[in-house]
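What follows is one chain in structure tokens, specifically the form predicted alone.
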């Protein structure tokens, strides 16, 4: 099989490719997302569909053009339309005349047979030990990538030489991509962290700290969010992600969905959201609210919510966050992305929001000094 997967930041092109290639698949990745990718998706997808569906559709068209014959896509359930993406994309691609097979990986609610079928499809007749080894290597890459990206978010707003953090991160990701040893992945990760620590930084600079929350794909795919993490870093803002692929993967493999009648305890993010949004509305809607509440409690200066246009769970979260922001006196900026989103308009809104946060921080310091005197 000539297998392809959609782009998702550095995770798909490195960890996803590693897993599939180590299982003996020929992996044909789509090119990095570009305007052509977006244009293809917009041309063939229904107008009302959200931006992630359109971009991923563009990924598949470009990968099929390169010779892929099998598409691996994830699915979902609940009120979010994500669960329909794969079938809509399949129908569109078939109508365009492409010949391919699509494997849709989604959590089967209580269906163990389906899980075993997924495993067999991915295993590609490899031994169980080979499957486990491939999974461990891919997981090590996921962990290393997210840890390095997290460290880059901390260092970037402090660097003296603009772009040095991104340059070192890019080097580390390339090294991780080109190794197949868990020990070597760990060594590379530590070496890149050491390199980060050698970067000359601005002394005694008090930074604005922002929580980045919102829809999973828009938050993690730089092309879609217009490299918002780098933009904020260069504005002197330390960003902490409220979205990560690690919890998503671990929740799938915890197998709680096999336990009939099992009532899982709410995690800290869900508990934080509970006074405002006590149940899931699909997607990252409830976690978005919970992360905003926690960010306020932990002393962040504000939060930025990134949303694909027409995303129902995030529209609910946006509405609820207005109440959260009012109750907690905590600024939240919502940015909605579609194919019409412009760079200059986005930059202006970010700069204005950061100026607001700096002003509020300065006022808090003045108030604290008056109270102390």
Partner chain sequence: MGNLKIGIPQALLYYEYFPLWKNFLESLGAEVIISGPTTKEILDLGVKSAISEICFPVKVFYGHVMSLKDRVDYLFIPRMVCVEKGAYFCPKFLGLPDMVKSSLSSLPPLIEPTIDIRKSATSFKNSFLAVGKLISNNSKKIYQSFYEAQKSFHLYLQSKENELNPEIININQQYSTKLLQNNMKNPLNIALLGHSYLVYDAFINLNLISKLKKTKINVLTAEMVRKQDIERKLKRLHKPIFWTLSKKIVGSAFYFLEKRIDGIIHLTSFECGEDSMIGELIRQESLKYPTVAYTEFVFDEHTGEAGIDTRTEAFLDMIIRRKRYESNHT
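Positions refer to the first chain, counted from 1. Because the structure is a prediction, the values reported are computed rather than measured.
Not pictured, yet referred to below: the form predicted in complex with its partner chain.
Peer 1: Just one stretch in 322-330, 61-69, 33-41, 339-347 has heavy atoms within 4.5 Å of its partner chain in the model of the complex, so which one is it?
Peer 2: After filtering at 4.5 Å, what remains is 322-330.
Peer 1: With the cut-off set at 4.5 Å between non-hydrogen atoms, does residue 189 touch its partner chain in the model of the complex?
Peer 2: No, residue 189 stays farther than 4.5 Å from its partner chain in the model of the complex.
Peer 1: May I ask you to state whether residue 245 is within 4.5 Å of its partner chain in the model of the complex, using heavy atom distances?
Peer 2: No, residue 245 sits far enough from its partner chain in the model of the complex that none of its heavy atoms falls within 4.5 Å.
Peer 1: Looking at the partner-bound form in the model of the complex, is residue 128 within 4.5 Å of its partner chain by any heavy atom?
Peer 2: No, residue 128 stays farther than 4.5 Å from its partner chain in the model of the complex.
Peer 1: State yes or no: in the model of the complex, is some non-hydrogen atom of residue 280 no more than 4.5 angstroms from a non-hydrogen atom of its partner chain?
Peer 2: Yes, residue 280 lies within 4.5 Å of its partner chain in the model of the complex.
Peer 1: Which one, 236, 222, 135, 79, lies within 4.5 Å of its partner chain in the model of the complex by heavy atoms?
Peer 2: It is 79 that has a heavy atom within 4.5 Å of the partner.
Peer 1: Can you list, in sequence order, the residues from 86-106 that come within 4.5 Å of its partner chain in the model of the complex, counting heavy atoms only?
Peer 2: Read in sequence order, the residues that approach its partner chain (within 4.5 Å, in the model of the complex) are 87, 88, 90, 91, 92, 95, 106.
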